[in-house]
Structure formats: C-alpha cells, structure tokens
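Have a look below at one chain only, the form predicted on its own, in structure tokens format.
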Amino acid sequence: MKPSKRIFVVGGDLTTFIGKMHPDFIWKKHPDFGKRENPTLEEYLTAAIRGALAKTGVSAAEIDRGFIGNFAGELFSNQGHLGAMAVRADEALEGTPFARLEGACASGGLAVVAAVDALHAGSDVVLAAGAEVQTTVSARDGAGFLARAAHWEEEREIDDFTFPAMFARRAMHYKSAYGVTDEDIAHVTVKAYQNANKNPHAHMREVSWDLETAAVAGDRNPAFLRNEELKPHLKVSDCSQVSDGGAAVILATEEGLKRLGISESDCVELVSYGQATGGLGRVENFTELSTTKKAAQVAYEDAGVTPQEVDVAEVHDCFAVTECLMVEALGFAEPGQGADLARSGATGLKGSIPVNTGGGLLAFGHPVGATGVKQVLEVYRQMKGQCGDYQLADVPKVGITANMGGDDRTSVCMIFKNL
C-alpha cells in the first residue's frame, strides 16, 4: 500500500536483547542466580517506550495513539492487556488510546502497520512498540507455547519443537530441490554472528560460529529434533534465539513533524508496505515463502522500487534456511540461489545487499513481539549513521523490512527511503 499521506519514522529505541549465553542474563550457571532476576515484560516495554521518547525528544503528551506488538504475554508472563500496560510507562500517556496487535512473530510488524493506518485515519504522531519475554519456562515448554503460532490441531505433533521441525522440513525440501548443502546454509549463520559480534545490543554479541562447526552436527551443535525424518536438517546453529527484549518507534505525518518541531531530514520516510496472510497449515510449496513474496510485490509496486535499488534489508531469519528463502522472496536471488548470496559475501556488511546488519534473529535475537519493530528501527539507524561498529560504509538510500509470522502465514514488508 502506498500511504495516502507522507509517513515518517522519527526514531526510537530498543533494549539489549538477552537470553542464555548473554552475560547479563541470569540463569542457573550465572553467579547472580538467586540474588536478582531478569527484567519483566513490563520493564522491557517501559524501557523501550521511555527510550524512544527520550531519544527523539518527543513528549509523551504528543502521542496520539499507540500500538503494542506481542505474541504470548499470557503464556510466558501471565500478562495480557498490554495496551493498558504500556501507558504506565509515562503519566502523560494516561488516557491515550493504546491497543495490542498479535500475529505470531509478525506482531511487531503489525503494530507498525496499525500505526501507519492510524496516521492515515487522522492521527499525526503514533508510537509502535513491541516486547516479549520467553525465558521464564524451559525450552521444551516454550516450544509448546510458540507452537500456538501454527495450526495446533494439525501441526503440533510434528515434533516437541514444532517450529524448528517445520523449518527443518523447509530445509529438507529446499536442499533436495536445488542441491543446496548444509555448508551453503551455514554461511548465513556465520555472517549473522559476525555482525552480532559488532553489535552491543545483540543477544549473542560474545558468541561466534566458524563455518566448519556450523555446517555439521556435533557436540557443540547437536541436531535435536525427535522427528527422525527431519532431524538431520536442523542443528542448534540454524536456530534463532530465545530472547527477551523490547523496541519502540515513533511515526508521524508532515503535520506531526511540524507539531514536534522535527525536520524531515532527521527522519526516514515509509513509502509503502505490503501485508499478506496465508491459511494456517496450508503451505503449498516448502521451497518458497509465498506469503512474504506477495507482501513484497505489493510494497515494491506501490513504492516504485525494484529489488536492485534496495541498499539494506532486515529480514526474518527465524532459522538460517529462512534467510535463504527470504532473499529469494524479496527478489535479491533466484530460487535456490539464496545461500549463494551469503557465501559470496553479497549480504555482508561490505556486500552489495547487506542483510540483517546487526545479526538478525539468529544472533541479534528474537523477542517475538519486538522483532518487527526492531527491524524498522535498524533500517532507520543505518540510514542515520547510528549503528557504530556495524554501520555500513555507504549510507543506505532505500531499505526494506520483512517480518513473518508462523510458517510464512502472516507477513509484513515495508520500504523506506532516506531523507
């Protein structure tokens, strides 16, 4: 969709994404275990909102509406009703209309789209935030919670770890169809961790993978599925992180910028977006992200932009094979050639189409409801030269985000231009 009025990303903020293997995450092997606790869902949400207000210089009183992306607050944190939770971040938000959006791992992207729709409808300054805490239960129990993003009755029993199994299935079909190897896909993992090692906000900022270890199952990198057919096609290194964290962005119209006293040149412009939905359990081709492809086609057409014009991309790499499929769905590679981009270095920080410059879901982390918001903020930060050690040498002029929920069942793609 092409916005009916100009829409700008004013800026925002995010927390550090943490979980196991992050030095600030407290778990059984941490020296502070039993002495202090990890932040709560409310604390992440509050920190992201307050940070966004502080970094943009926008007063909470100027926010006309707000939208919160979150998938499973009721399950991991016993907390729903997160619109009302969010207004606790600042007394000046009391009475402001806020609501929660849920679309599995695309919840954050949906929150941003809802903010854009509100700007179309007459609001001028809108906040979109996302947050998730997923480390309050065991990995196995958490996998069961996340399986609610699939068709529970039809797909839950594929494996105890439902979503890893579903993307192992995609990897199996992808490798068979195109002759892609585990080593080919492992280049995506290695690139993600190299980027995250430069990113102070990344969950896995102190962890690395070399190609040899990431390419094969082993003691450090086990294949962990119980489904014997799918087990050989997914390893620990192929998986995104079980992370906690939050992110928030502020969007405005031209009138909103005037009201805030902010220059267009300090912002990036959202020039189009596409949103598409596929029926749960109805994937027809495991070698293609068809729903994302539909969303991207709408975004490209309405923006008048081609894939070759994109300078930076934030894509939903919930598993390493997913990035391969994503870059194909977005038109950066032909079918079966997605892994070649990572192997060639094209998706690296010095490549022709940098993808997931801060480490992506694989290594930056994946607090589900925050991811789609973080993607928008990462494109903004790259365009405004705010990414520090992982800042691209050439400031991007055009960027795209692709946020996906479930097994490519809900997808949001957005295209941005630097000003």
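Numbering starts at 1 and follows the sequence shown. Source: prediction; values computed, not measured.
The same protein has a further form, the form predicted in complex with acetoacetyl-coenzyme A (CAA), not shown here; the description that follows concerns it.
Colleague: I have 161, 319 and 406 flagged as a candidate spot, so tell me whether each of them has a non-hydrogen atom within 4.5 Å of acetoacetyl-coenzyme A (CAA) in the predicted bound form.
Modeller: Answer is yes for this spot.
Colleague: Flag residue 140 as yes or no: does it have a non-hydrogen atom within 4.5 angstroms of any non-hydrogen atom of acetoacetyl-coenzyme A (CAA) in the predicted bound form?
Modeller: Residue 140: yes, in contact with acetoacetyl-coenzyme A (CAA) in the predicted bound form.
Colleague: Spell out, yes or no, whether the shortest heavy atom distance between residue 149 and acetoacetyl-coenzyme A (CAA) in the predicted bound form is within 4.5 Å.
Modeller: Yes, residue 149 is a contact residue.
Colleague: Tell me, yes or no, whether residue 397 is in contact with acetoacetyl-coenzyme A (CAA) in the predicted bound form, where a contact means a heavy atom of each within 4.5 Å.
Modeller: No, residue 397 sits far enough from acetoacetyl-coenzyme A (CAA) in the predicted bound form that none of its heavy atoms falls within 4.5 Å.
Colleague: Residue 195 near acetoacetyl-coenzyme A (CAA) in the predicted bound form, any heavy atom under 4.5 Å?
Modeller: No, residue 195 sits far enough from acetoacetyl-coenzyme A (CAA) in the predicted bound form that none of its heavy atoms falls within 4.5 Å.
Colleague: Only one of 333, 230, 262, 242 has a non-hydrogen atom within 4.5 angstroms of acetoacetyl-coenzyme A (CAA) in the predicted bound form; which is it?
Modeller: Checking each option against acetoacetyl-coenzyme A (CAA) in the predicted bound form, the one that comes within 4.5 Å is 242.
Colleague: Of the residues 202, 105, 119, 214, which one places a heavy atom within 4.5 Å of acetoacetyl-coenzyme A (CAA) in the predicted bound form?
Modeller: Of 202, 105, 119, 214, the residue with a heavy atom within 4.5 Å of acetoacetyl-coenzyme A (CAA) in the predicted bound form is 105.
Colleague: Quick one: which of 304-312, 340-348, 168-176, 217-225 gets within 4.5 Å of acetoacetyl-coenzyme A (CAA) in the predicted bound form, going by heavy atoms?
Modeller: Result for this chain: 217-225.
Colleague: Going by heavy atoms, what in 1-35 lies within 4.5 angstroms of acetoacetyl-coenzyme A (CAA) in the predicted bound form?
Modeller: Only a single residue, 20, comes within 4.5 Å of the partner.
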